[in-house]
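This document starts with one chain, in the form predicted on its own, laid out as structure tokens.
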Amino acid sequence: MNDALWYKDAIIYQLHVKAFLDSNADGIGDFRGLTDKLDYLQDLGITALWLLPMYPSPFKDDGYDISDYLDIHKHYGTLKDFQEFLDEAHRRNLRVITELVINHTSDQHPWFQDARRSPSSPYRDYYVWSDSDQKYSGTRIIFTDTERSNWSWDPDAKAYYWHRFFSHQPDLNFDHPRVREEVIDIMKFWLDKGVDGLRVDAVPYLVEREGTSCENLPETHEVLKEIRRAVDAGYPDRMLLAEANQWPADVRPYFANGDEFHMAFHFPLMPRIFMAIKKEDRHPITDILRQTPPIPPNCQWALFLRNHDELTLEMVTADERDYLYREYCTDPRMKINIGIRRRLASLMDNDRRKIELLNSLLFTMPGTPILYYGDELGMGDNIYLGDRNGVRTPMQWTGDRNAGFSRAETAQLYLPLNVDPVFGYQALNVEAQLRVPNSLLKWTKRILTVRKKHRTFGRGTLEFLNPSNRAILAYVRKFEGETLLIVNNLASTAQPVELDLRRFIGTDVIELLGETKFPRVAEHPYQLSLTPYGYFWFQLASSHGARR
């Protein structure tokens, strides 16, 4: 585990500790339960775990409202339990990524509680205060469903405090040197324990300036570079992952010259994958990737189909947003904020062919794929639960009581189990899918096995082919002498395609998923037929065995 660029080849699995396995029958998943399931995760084929916030919190925002950065929430266990989990993960060559939520704290954090009591508090300047709620008026409101302003009045402080998220999450003041020192100390605390990576939440909003949008400011990058220098100085094999829900050109500066973030999410690609499969046209995908600027060689995009939040539609045009709402929101309850709160299988109407195709795209495009817990089974959602809870229900291990998740009383579970006729745990669970050779879980394991054999997927270049059939998305990936050809059919009907592969004349074509030899490339266009939502992963190799 000594490769400093390990994150380029990683396959990341995102999970909630509370959702995975309950070891003490209190209805809430915990670190001992998660440790018990590390063998499952290793067998699945993932190489890293991304844990959602695990810290003490009032849980008004599912743990992103942190009241103590240096401890574990009591429901999840103790620091000792966390350390044992981390050590067991490392013993299985699994890396662990945790959350560094630094834009804001909970209003229950001792810093804020002290700051609000007196203007002379040493913590007063840890937050952003004003006598007026008119400052920074050019700043958009992120949670339009619930917040009318980015300012809230505090009756104890007799002043307004700034918050880009919910009113119970006051923003930290990064113009204050002590705040930056505190953040670096928090980061070092977890890195010293052995955490391999930190996902840094809401990075565009750290600094405020009058007359700006208070997003992506130069001063924000100065803060982030300071954090990166602290990582490089003491932890050269660790990784920082930026959550910046912005257009690709605006995310590019967060990589800087390879000295800011190692990774950043590619938010605009995700909704366009869903758009492309509905339109049966590759243009939404090819267009956004052509708009994506090159990044430094030590940097990487993080790719995902679904995660713990809504399918965000901030980085699409108004017309595209209307189209996606029309196609994917048949019930108003599926909407939240500027997005759609549904899981992958539900969005794909539980069509196995479409689920496989989208995963084919996820696992073959340039970047590191992130798999959301339960999506390897095709778990569904519950739109009748509030907020984003519909996609955060307990993991479905068995068809037995409480889906094998907990021995607690069913009413005691942190969220109800999914008992939907299609997605309910009685039929859709790990135990059942392990018994079936062609289950989605078994398919996921096979495809991850193939991906891990080819570093080209994580590190290779991308070149789109442009066949006349726009339902076909085909691209070539190259790295260190290996050439891969990926062909995807975005249409609901079988499709033919002719590919111009003349530069590879005489090359053997090996289909990777079945290790099947296809006809060799010749002078004429290479012809393929793809089933509805079909896909091929090919390796192009010279006839005497050398890779091309």
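Quantities reported herein were computed from a predicted structural model and do not represent experimental measurements. Note that residue numbering begins at 1 and tracks the sequence as displayed.
Heads up, the form predicted in complex with ligand GLC isn't pictured, but that's what we're talking about next.
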(message) Looking at 308-316, 88-96, 208-216, 472-480, which stretch has residues with any non-hydrogen atom within 4.5 Å of ligand GLC in the predicted bound form?
(response) 308-316
(message) Residue-level contact is defined here as any heavy atom of the residue lying within 4.5 Å of ligand GLC in the predicted bound form; does D201 satisfy this criterion?
(response) yes
(request) Answer yes if any heavy atom of R180 is within 4.5 Å of a heavy atom of ligand GLC in the predicted bound form; otherwise answer no. (result) no
(message) Test of understanding: in the predicted bound form, would W190 fall inside 4.5 Å of ligand GLC by heavy atoms?
(response) no
(request) Report yes if any heavy atom of E243 sits within 4.5 Å of a heavy atom of ligand GLC in the predicted bound form; otherwise report no. (result) yes
(request) Have a look at D36, D61, D26, D508 for me and say which one sits with a heavy atom within 4.5 Å of ligand GLC in the predicted bound form. (result) D61
(request) Only one of Q169, N429, T364, S406 comes within 4.5 Å of ligand GLC in the predicted bound form by heavy atoms, so just point that one out. (result) Q169
(message) Need the contact residues for 120-148: heavy atom within 4.5 Å of ligand GLC in the predicted bound form, sequence order, or none if there are none.
(response) F143
